[in-house]
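Just one chain follows, in the form predicted alone, and it is written as structure tokens.
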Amino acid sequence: MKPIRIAIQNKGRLKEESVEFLKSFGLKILNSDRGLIGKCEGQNVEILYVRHGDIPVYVQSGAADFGIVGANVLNERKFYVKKNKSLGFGKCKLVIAVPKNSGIKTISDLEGERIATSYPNSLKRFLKENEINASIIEVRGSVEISPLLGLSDAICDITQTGETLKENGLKKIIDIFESEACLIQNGFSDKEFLN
């Protein structure tokens, strides 16, 4: 019988809490530090350790039955997965922030400005809803340094505490949405999650 496969982050802020969540169901995960598939002692369950943004792809395709992923990932792209429930950990916000000395004070001040982000689709929807015409500059990480280097006038990024923003001389001007870890399932799977 094919094992139940659960995809979780291979590294990052959700990994440890995802493992703890799975252990709360009595799973004893056996794997090496470098293993990408963890077996579970005495149960027909495998844990797949993959990149965070790829988790919905594995679940959508049926390679994994379930996944634990941040709602921000689901909000950024359309995936054909079923969101079972929010898990109460990994809470964060997608925000727009600007340099502390910036003349940008409100969202209307973003008109005509350049905004760097790793979340172009979420930002595009937000700007459209607020009738703001701004340039979106897509980057893959270290978004906070883009205003300092003259690449952008503002950023749109995920933050938990706001400390990284402060460390890089930025201040938040608006929250776009809140996110947290959620359990997702392949929409065509009839498997039940660890009863």
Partner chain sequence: MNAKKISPIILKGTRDFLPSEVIQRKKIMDIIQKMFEKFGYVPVETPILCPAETILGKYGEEGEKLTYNFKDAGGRGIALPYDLTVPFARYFAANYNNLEVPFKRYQIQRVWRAEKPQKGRLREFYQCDIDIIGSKSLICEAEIAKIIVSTLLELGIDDFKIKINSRRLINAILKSFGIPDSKVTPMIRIIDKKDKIGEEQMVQELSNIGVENGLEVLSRLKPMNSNKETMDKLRDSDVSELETFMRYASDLGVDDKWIQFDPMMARGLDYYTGVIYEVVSENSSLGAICAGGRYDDLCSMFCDQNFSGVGVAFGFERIMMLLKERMLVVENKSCSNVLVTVFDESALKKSLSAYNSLVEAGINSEIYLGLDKLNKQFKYADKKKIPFVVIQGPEEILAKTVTVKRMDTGKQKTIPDSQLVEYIKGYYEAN
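Residue numbers count along the first chain shown, from 1. A quick note: this is a predicted structure, and the numbers were derived from the prediction, not measured.
Below: the form predicted together with its partner chain, not depicted.
Stretch 143-151 is the contacting one of 143-151, 22-30, 43-51, 56-64, since its residues have non-hydrogen atoms within 4.5 Å of its partner chain in the model of the complex. A single residue from the set Ile158, Val139, Ala134, Leu165 has any heavy atom within 4.5 angstroms of its partner chain in the model of the complex; that residue is Ala134. Its partner chain in the model of the complex is approached by Lys124, whose closest heavy atom lies within 4.5 angstroms of it. Within 4.5 Å of some heavy atom of its partner chain in the model of the complex lies at least one heavy atom of Arg114. Among residues of the shown chain, Asp109 is one whose heavy atoms approach its partner chain to within 4.5 Å in the model of the complex.
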